[in-house]
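Listed next as C-alpha cells is one chain, alone, in the form predicted alone.
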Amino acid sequence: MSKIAIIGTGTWGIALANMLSEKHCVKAWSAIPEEIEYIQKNHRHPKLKDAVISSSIQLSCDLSDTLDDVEIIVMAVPSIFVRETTRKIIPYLKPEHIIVDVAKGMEAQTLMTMSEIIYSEIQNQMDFEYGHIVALSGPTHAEEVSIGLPSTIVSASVDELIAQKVQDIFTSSFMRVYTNKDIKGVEVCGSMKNIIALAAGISHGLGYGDNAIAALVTRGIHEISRLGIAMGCSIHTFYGLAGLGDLVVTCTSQNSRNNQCGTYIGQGYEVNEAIKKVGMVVEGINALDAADLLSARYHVELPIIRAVYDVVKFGLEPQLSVQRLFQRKSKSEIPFSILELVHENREMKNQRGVKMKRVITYGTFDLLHYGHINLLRRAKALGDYLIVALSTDEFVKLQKHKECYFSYAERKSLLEAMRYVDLVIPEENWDQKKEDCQQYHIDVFVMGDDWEGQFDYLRDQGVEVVYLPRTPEISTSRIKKDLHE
C-alpha cells in the first residue's frame, strides 16, 4: 500500500483518488473549501453524478497535512495553475518524492511542458531528479474512470524504473497502465490533441458528419506527430495510447469538454460563451498560443490547428476556416512516389533469404565523397545486402540543425547509383533504429566510430553493432568550409 496525495479535486483528480483508494492510502487537497465540504457531505462530486466517492479518501484544504508522509504527489490542477501550485508544494517536498502530473497543456510564455514547468520551479529551490516526474496521460475520461469502466493510460518518465513504479501503483482491476520513456512526446500529444478535439466539436456544431471527424482525427495525428518529431520526440508515441488513443476519445466523446466547447462554437456561440456553457476548464483553448508559437519555432505547418486558432483568436467564421482548409494546395499522403514504394518492397522481397546477411547504416550523405564511399564499401563487406537510412531534408534541418546542399531526392539518387547500396530508406527521426532493425531483419548495424557506444542497446535484440573508423582526412563539413574559404 502506497501513500498518495492528490493535489486538486476536479473531476480527474477525484476520479483518480477514487480508483487509487481501493488499494492505497489517499489524501486529496483543494484550495476551495466549498469543494471539499460538498464532497465530504455528499460523497459525490458535482460534475461526476454517477460516482460515489470513497469515504476512505482524506479530504483537506491544509496542504501541509495532505503532503505529510506521502510517497506520490499527483498534480491534478488545470495546466494554467501548475506553476503556481508547484511553488506551493515545494516547502513540503523531499528528493525521494515522485510527482505524477495529469494536467495536459503547454505554457505559451516559455513553451514548456507541464513536467518541465514543475522541474524548473523545483530546481530553483532544491536538488530534484527530473526522472522523478511522471506524465500520466491517455484516453481516460474522468466520468468513466470514476465508476470503474475499463481504461488504459501511459506512465511516462525519462527514468524507466520510476515509470514502472507508477505503473504498478496505478494499475487496478479496470485500469491497465503502459510505460513510455518519451515524456515530451506524451505531453505534446496531451496538449495538442485538445485543439484537434475543438476542431472536431466545431465540425459537429456545423452539422458535418462522420467523414469529417475521421479526416480530422487522421490528419490531426499527422500534424501533431510532425510537430513532435521536429521537437525530438518518438514517432511511436504519437500512434500509441497517449497520441492516437487519446485523440480518438477526445474527438468523439460527449464527455470531452474540448469537444463540447467546439460544438458550441460551431453552433454560433462566442468563445467565452462556449467556455461558460461547458462550465469547466477547456485546455484546448489554453494550448492554442503555445501551438502557434511552436509551429513558427520548428517551421512545421499545422493547418488544422491554425484554423482553430483563427476561429478562436480572431473570430474567423468556422465555415470560412473549413473553406480555407479545402482550398489548400493538393498533395500526396506519402513522402515518396508509388513507383519508389513498389520498387523498394520488390527489392526486399526478391533479396530476402534465410542465409542473407543484412546490414544497415545511417547518415545524411550530402556532397557524396570518397569518405562516404569507403564507409559504404566496408559496410557492404560485412554482409550481403546493404540498406542506407538516409536523413530526410526535414530531419536534417529541424533535428540535426544543418543545411544540405542536395535535396533528399538527389542524395537518394546518388546513393542508389552506387554498387554497394541495395536499398535506401528515409531516416525521419532519431528513434526509428530499433524498429528498422526489426522491420528489415537486420543482422549488422554500422556507424562511424564517432558514435562509439551510442547504439549498443541494439545488441539486446540480436543485432551485431559495428563502429567503423572514418576516413580521417575528409568530411562534408571540411569540404563546405574549404569551399567557403
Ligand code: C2G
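When you see a residue number, it is the position in the sequence shown, counting from 1. Throughout, rigid core stands for the largest set of C-alpha atoms superposing within 1.5 Å between the two forms. Please read all numbers here as calculations on a predicted model, not as lab measurements.
Not on display, but discussed next: the form predicted in complex with this ligand.
Only one of the listed residues (402, 377, 276, 176) places a non-hydrogen atom within 4.5 angstroms of this ligand in the predicted complex, and that residue is 402.
Checking 318, 245, 131, 371 against this ligand in the predicted complex, a heavy atom within 4.5 Å turns up for just one residue: 371. Although the partner is absent from this view, residue 365 contacts this ligand in the predicted complex, with a non-hydrogen atom inside 4.5 angstroms. At a distance threshold of 4.5 angstroms between non-hydrogen atoms, residue 31 is out of contact with this ligand in the predicted complex.
For the chain shown alone, residue 37 is not a contact residue for this ligand in the predicted complex, no non-hydrogen atom being within 4.5 angstroms. Although the partner is absent here, residue 391 is a contact residue: one of its heavy atoms lies within 4.5 angstroms of this ligand in the predicted complex. Remark: of stretches 148-156, 321-329, 357-365, 162-170, the one touching this ligand in the predicted complex is 357-365 (heavy atom within 4.5 Å). Using a 4.5 angstroms heavy atom cutoff to this ligand in the predicted complex, all of 447, 450 and 471 count as contacting. Residues 427, 430, 433 of 410-440 are found to place at least one heavy atom within 4.5 Å of this ligand in the predicted complex. After superposing the rigid core, the Cα of residue 362 is displaced by 2 Å or more between the shown form and the other one. After superposing the rigid core, the C-alpha of residue 248 moves by less than 2 Å between the shown form and the other one. In the core-superposed comparison between the shown form and the other one, residue 25 has its Cα shifted by less than 2 Å. Compared with the form shown here, the Cα atoms of residue 234 and residue 426 move at least 3 Å closer together in the predicted complex. In the predicted complex, the CA atoms of residue 411 and residue 234 come closer by at least 3 angstroms compared with the shown structure.
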